[in-house]
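Next up: a single chain in structure tokens, the form predicted alone.
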């Protein structure tokens, strides 16, 4: 392992209601105070519950450097006549310091193209948000051995327009590798595969930005759970995890956070 602080992100997606999610965060905080895991933790609730979760963190006096809040998605536009959208600046009103962009469900369910994702990256980084860019291949692309080609395209298209900003300060960008075929399926990429892809992402980042990018965190996402987290997080160039289903169980999620 390297000595960089790890980031474990809980993506709650479109799950729960006010009562169940308040219970979830309260239960997690109780466990957190007992165990005090050695990582930064990020909670990504449904946007309608950001204020409630923010209030819970404040009530329990949790430092925001220990447990941060983020938005699962942001608009590709500044404030204006865009009904139903959530601008990056609006998320700051709820103490969000992270934005998740390009998640496979946004790409494949909501048909977000790479131009839209690049615009969101620009807006998020310009607003000084910690910005998590998700990349990853489908099962068809994986079977055709196109993983690296797909990831190269996704990284270039999302980052190239922000490259000037990132060359001067890349401290706000995080990459999450999430093979689409492993999300919510119970399937996880092999340790060798994860290590190989993360090393490839690191090399691509170095080339795109023309600088050493060792301080950019690369997370793994794709059916991460309390049983496989320790082995995944021990790999070179794995600096954390983006956790889906397991983050909806406070015990499983605290086990993941404390597995480092």
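On a predicted model such as this, the values are computed, not experimentally measured, just so you know. Residue numbers count along the first chain shown, from 1.
We do not show the form predicted together with phosphoenolpyruvate, though everything after this point is about it.
The candidate stretches are 87 to 95, 177 to 185, 121 to 129, 142 to 150, and the one lying within 4.5 Å of phosphoenolpyruvate in the predicted bound form by heavy atoms is 177 to 185. Residue in contact with phosphoenolpyruvate in the predicted bound form (any heavy atom within 4.5 Å), chosen from 223, 47, 31, 54: 223. With a 4.5 Å cutoff on heavy atoms, residue 252 does not count as touching phosphoenolpyruvate in the predicted bound form; it lies far away. Not displayed here, phosphoenolpyruvate is approached by residue 244 to within 4.5 Å at the level of heavy atoms in the predicted bound form. In the predicted bound form, at least one heavy atom of residue 11 sits within 4.5 Å of a heavy atom of phosphoenolpyruvate.
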